[in-house]
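In structure tokens, one chain follows: the form predicted alone.
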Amino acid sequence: MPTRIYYFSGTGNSLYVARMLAKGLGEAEVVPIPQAILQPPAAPAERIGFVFPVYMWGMPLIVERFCRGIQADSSAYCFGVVTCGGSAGGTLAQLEQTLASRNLTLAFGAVVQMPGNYTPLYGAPSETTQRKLFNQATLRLNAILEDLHASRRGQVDRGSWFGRTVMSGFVYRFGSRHLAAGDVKFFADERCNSCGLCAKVCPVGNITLQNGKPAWQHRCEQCMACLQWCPQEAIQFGPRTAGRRRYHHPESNAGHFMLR
């Protein structure tokens, strides 16, 4: 397998990017990281990509765990592309360091702006804004593909000193330790019809149905898939998400996230 792209996505932004990169590169396999954790691919790959969103100016915890245990040939060409609604901080520098612990070199790393969707803080942007971001993302992906086709090396967007040290250092390291247990803020309101979709799209099996209602088990990744994909918009996180606009990438559907 010439290229394997591992991705993590809660709302479809990173899934879309992974698929576009795979299409542009050709002979590429796209593998969800939760699936790869359960059943690691056996065949080696000449190029290995990592595509995922930025959480708290750093790597999602599931991605960090996966990268710290990945088995790959040290000669593989590794690249990373992260999606975010604002600043990526030093996320790619963190990926670079994590891969180095596995004797792998991050040859190329880039950032793609996509619609932000962390509903506990804000609602999704308007469709007009989304379209602008998608158009800009297409241009950005075309440029990234040119670099990947040329197997560029030494081009990693490590962010500013402030982003690496303060945002991806102090803020991420302090805040990320509270994410798993932070799911105590989730609840389903009276609109919940017990469809169970929230449990099906959770990448880590963190949701069970108890008396027909979702219950979170305190190993949350904060991907917000349960909240964003709920057909009834019944799932809330704290007191302010009710009424805020939900989001998922227009080329994704809930079926893409049902791994179990």
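We number the residues from 1 along the sequence you see. These figures come from a predicted structure and were not determined experimentally.
One more form of this protein, predicted together with a small molecule, exists but is not displayed; see below.
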item	value
Heavy atom within 4.5 Å of the small molecule in the model of the complex - the one residue of 33, 54, 45, 67 that qualifies	54
Listed residue (175, 123, 163, 85) with a non-hydrogen atom within 4.5 angstroms of the small molecule in the model of the complex	85
The small molecule contact in the model of the complex: residue 118, any heavy atom under 4.5 Å	yes
Contact flag, residue 114 vs the small molecule in the model of the complex, heavy atom cut 4.5 Å	yes
Partner contact for residue 241 in the model of the complex: the small molecule, 4.5 angstroms, heavy atom	no
Contact of residue 6 with the small molecule in the model of the complex (heavy atom, 4.5 Å)	no
